[in-house]
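As structure tokens, one chain now follows by itself in the form predicted alone.
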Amino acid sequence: MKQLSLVTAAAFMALALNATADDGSAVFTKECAKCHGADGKGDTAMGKKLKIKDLTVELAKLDAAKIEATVKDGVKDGDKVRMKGFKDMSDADVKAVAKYALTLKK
């Protein structure tokens, strides 16, 4: 599981670093959707396993700046890492993914 997470994170970072700012949707679809689902509801095998929250609900509580910080810094629950941050992702790509994610909210 740990190796899978590291490989997934490395692949996501490589793709994200090559994406343009207009590719927020493409980056989300290729990488984030594996856990969060194309619709953001987390109704995927990995999403269910990790007990991922429904982004369409969670995003209503967040603004773009908070989403960007979450993408960059990841999510922790105490000492447990729930989502690895993508610190090497360009600011333009982070903004693009956050902008796209906001389209998923209810």
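Don't overthink the numbering: it's just position in the shown sequence, from 1. In this text, all values refer to a predicted model and were calculated from it rather than measured experimentally.
The protein also exists as the form predicted in complex with a small molecule; that form is not presented, and the subsequent description refers to it.
The closest heavy atom approach of Lys80 to the small molecule in the model of the complex falls outside 4.5 Å. Although the partner is absent here, Thr70 is a contact residue: one of its heavy atoms lies within 4.5 angstroms of the small molecule in the model of the complex. Contact check for Ala38: every heavy atom lies farther than 4.5 Å from the small molecule in the model of the complex. The small molecule is not drawn, but in the model of the complex it has a heavy atom within 4.5 Å of Lys66.
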